[in-house]
Each structure stands twice: as C-alpha cells, then as structure tokens.
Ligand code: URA
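Heads up, the chain below is alone and in the form predicted on its own; it's given as structure tokens.
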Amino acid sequence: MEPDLAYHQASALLEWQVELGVDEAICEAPVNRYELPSKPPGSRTAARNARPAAPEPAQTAEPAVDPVQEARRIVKGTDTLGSLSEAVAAFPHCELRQGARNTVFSDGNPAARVMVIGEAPGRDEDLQGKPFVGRAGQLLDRMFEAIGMGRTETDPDQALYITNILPWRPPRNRDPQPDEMGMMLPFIHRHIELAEPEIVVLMGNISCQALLSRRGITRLRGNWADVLGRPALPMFHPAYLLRNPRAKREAWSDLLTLQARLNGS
C-alpha cells in the first residue's frame, strides 16, 4: 500500500503546484544563471598556436561547352542524311529539344533539285514529326503544285525536299532566338551539303536571317542570293500569305522566277 500512497501524495503535490502556476521543472541543486561560463584552460594559447587548417583542394570546374563548336565537331562525323538526322535528334545543347514531342528533320525527296528551308516547326509539325504539314504547309503544297512540283514526286525535276532552320518547336510558336539558330546552323549547312540541291528556297525572315544574315523579306523576296555556293531564292513564308492574302501575287511571281531558273531560262 505504501507505493500507492506515495504515488497519490506525489500526484496531489503536482496538482497543487500546477494550480499555483508552476510551468517549469527545476533541478534539486540551484543554478546561478548570472555566472559567466568558464573558459577551457589554455584555450587562448591553443587558439594562438594552432596551425591554420590546410585548405581543401579546389575542385576544377569542367569547362563550359560551346554549343556551336560542339555542333561543328559533330557534323564532321556525318556523311549521310540518316547519320545527320540521328546527330540532330541526339544534340543535347538546345533546350527546345526538352519540350518538343518530335524532332522535325525533313520531308520530301532528298534527290530533289529544290530544297525548301523554313523557320521552325509549329504544333502540327511537332505532332507529326514532319515540316510544313499545318495550314501553312498545305498552302505551300498548293503553291508548288501550281508549277508542277511537290514533296511526293519521285522525279527530282518535279520533287521538293523540305526542312527547317530549327528541328524543334519553340514555345508558343515564338520566333527562334539567335543563340538557338547559331547552334543549329552547322547542322543546316551540313544538311545542304549532303542533300546537294541545285536551288535553295528560303521561306521567310528567319531562314534569310540564318543563311543570309539579313532580314526584311519584303525587300529580299524574289532576289537571287547565294547560300554555300548555291543560288537561293527568298520567298514569303506561307504563314505570312495566310495573314496577308494580297501578297500572294508576289509569291506567284517568285514561283514563276523559280520555274524559269529550273528550265534554264
């Protein structure tokens, strides 16, 4: 019975202390909270005589990769359009690749006399993995059909080979940025070299900026230029023609200019 009495007595004393407002337990021995902490013996001398800690060896940071130089190095190892396509799809330095569903490399007949270079994939192109398949692409097909040419033709004289400056869709279809175009330009140059077109058609401002270092398609269109030693004809992008139907007259004139060049006149 004694333990029970001790327990009840202790419980009663505790309840009495709580009623008095006690909210913190204390030790049996008193603590002087105004006493300064004692210093360990020899601490000042030890601190004065202690040797400074040897600095940790600095970790050598990996040199930053130049995407343009890396692209130039990669394309040197490509000797076919197939190997170039694989190299483009595996290129890790363009952030657009992370948000794209597909790498849009090309469409049409690689043996075609005419190579069409657009700007960048849109939503439909990103979904299908082919360039110029949306509304603008449908208009492009109709434009070239008017002069007897198309991407499905097997005869190189009537065929088209189509690609873009960028193989991945920019967010919200914004214009490609200069650094994005710069790092992909070695791939475009190699693409032209491997396809060996007789004539390059530059669709819109972006392709002109990338390959001619000039903008202002309303001034450039219809005027022959040079891309890697090949004649190049700037034209209005089909998307621009959808927004500005009145410009189709100039686009038709440019198509006739292209046809005359192909016919040797």
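Just so we're clear, the structure is a prediction, and the values are computed from it rather than from any experiment. Numbering starts at 1 and runs along the sequence shown.
Below, we turn to the form predicted together with the ligand, even though it does not appear here.
Student: Within 4.5 Å, heavy atoms only: does residue 94 come near the ligand in the predicted bound form?
Tutor: Output for residue 94 is no: heavy atoms all beyond 4.5 Å of the ligand.
Student: Using 4.5 Å between non-hydrogen atoms, is residue 167 touching the ligand in the predicted bound form?
Tutor: No, residue 167 sits far enough from the ligand in the predicted bound form that none of its heavy atoms falls within 4.5 Å.
Student: Is there a heavy atom of residue 180 no more than 4.5 Å from a heavy atom of the ligand in the predicted bound form?
Tutor: Outside the cut-off, so no.
Student: Taking the ligand as it sits in the predicted bound form, is residue 122 in contact with it (heavy atom to heavy atom, 4.5 Å or less)?
Tutor: Yes, residue 122 is a contact residue.
Student: Tell me, please, which stretch of 112 to 120, 95 to 103, 186 to 194, 80 to 88 lies within 4.5 angstroms of the ligand in the predicted bound form when heavy atoms are compared?
Tutor: Of the stretches listed, the one contacting the partner is 112 to 120.
Student: Pick out the residues of 208 to 245 whose heavy atoms come within 4.5 Å of the ligand in the predicted bound form.
Tutor: Stretch hits: a single one, 237.
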